[in-house]
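Just the one chain here, laid out as structure tokens, in the form predicted alone.
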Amino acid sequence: MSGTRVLVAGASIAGPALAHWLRRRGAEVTVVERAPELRPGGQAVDARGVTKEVIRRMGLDAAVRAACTQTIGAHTVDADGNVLETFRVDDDGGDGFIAEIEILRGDLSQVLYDDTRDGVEYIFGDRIAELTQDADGVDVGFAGGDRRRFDLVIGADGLHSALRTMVFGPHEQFVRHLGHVLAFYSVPNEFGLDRWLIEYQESGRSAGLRPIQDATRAMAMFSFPAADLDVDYRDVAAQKHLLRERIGGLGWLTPGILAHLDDTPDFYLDQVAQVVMDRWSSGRVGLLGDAAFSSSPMSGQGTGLALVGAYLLAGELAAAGWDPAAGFAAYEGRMRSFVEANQEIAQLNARSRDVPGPDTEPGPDFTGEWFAELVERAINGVELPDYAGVPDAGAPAGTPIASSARP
């Protein structure tokens, strides 16, 4: 066992996935999450290509598949519900528009938490308030009053990463908006939805419904253009007002879906944005997932980047003997081209939703060979070393550690 003490900020997907691999490589891991418990629901996230191999190496293939949405395809429809286009789950070997592994963000988060909770210390309802590092370690002050020292600190706290702001600079320096806003929330399934996702698009806006495991409910999805909007991501009432304002008048089933906006338990809205950084580490502090390289939901690969990144970050740190400079550099070297391919796909998808105007560029042509090559790079364009010379405690959980809260 290395005994290397690592603090991870964020308990959504990237954080618990990294905790899994750090623990297996011999580190002592603490995960701090500012929310009082795991957040349920959220958008559906996908695992394609090389990401499926990472899940298999985690020993979680069966658990992830058991929690999948069971979606078998998607229809785009007109305002009267007539089908315009159909996509099936087995298209492109299960790596197409509807992925073979599709799971709600909250359900994947729960699988990862259940897998790690007995060998990792989780602290809910707290956050990093201050941080100072020297050549040998990082002193962390928590908002709850605790002060502790760690060998490494990793920010896996999402697009709005507070740790990134604290160590690397202001949010605006790294976040690139793609001109759209997405919203998700669960509704009663009073729309006759079976195992098919349905989406309606009109003038750059869209409304959709997707099946989830609980057949009595469905997940509503909306998107609308918003070039320079500054959304307060913590003001839910303002977000709901904005959604009503921007989606008002949209046809199809939209009024019935909006009727459930005030009683949903799991509303989420945010700008479609990417994080672009020259480096993902500073001294003994590193970043992972959306905090480092958000590709946005328009890529369909944000979860893949988080899971693959977690595998490579833990592996490269352990392979470097926990030397942060060497480990972080190797992780960045392996990940950057993979990240850039996925960010490019998201930018193209966002452009394809723009409403044509006199000054807008023509939408991308997705039929060319160049696009097929880009998709292949975005799904499989990263090598997964087997880290044969690196310690691996295997998938079984370690010695139970008491958590300060248990969702």
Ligand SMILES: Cc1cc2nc3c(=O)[nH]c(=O)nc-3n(C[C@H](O)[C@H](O)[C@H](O)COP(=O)(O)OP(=O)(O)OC[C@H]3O[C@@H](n4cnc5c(N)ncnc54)[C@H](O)[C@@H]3O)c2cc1C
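In case it trips you up, residue 1 is the first one in the sequence shown, and so on. As the structure is a computational prediction, the values presented were derived from the model and not from experiment.
This next part talks about the form predicted in complex with this ligand, which is not shown.
Although the partner is absent here, Y268 is a contact residue: one of its heavy atoms lies within 4.5 angstroms of this ligand in the predicted bound form. For the chain shown alone, A162 is a contact residue for this ligand in the predicted bound form, at least one non-hydrogen atom being within 4.5 angstroms. This ligand in the predicted bound form comes within 4.5 Å of no heavy atom belonging to G381. At the 4.5 Å threshold, heavy atoms of L288 reach this ligand in the predicted bound form. Judged by heavy atoms within 4.5 Å of this ligand in the predicted bound form, the contact stretch among the candidates 82-90, 198-206, 143-151, 121-129 is 121-129. Candidate site formed by G41, V45 and T303: every one of these residues places a non-hydrogen atom within 4.5 angstroms of this ligand in the predicted bound form. Interface residue among A310, L317, A156, A99, judged by heavy atoms within 4.5 Å of this ligand in the predicted bound form: A156.
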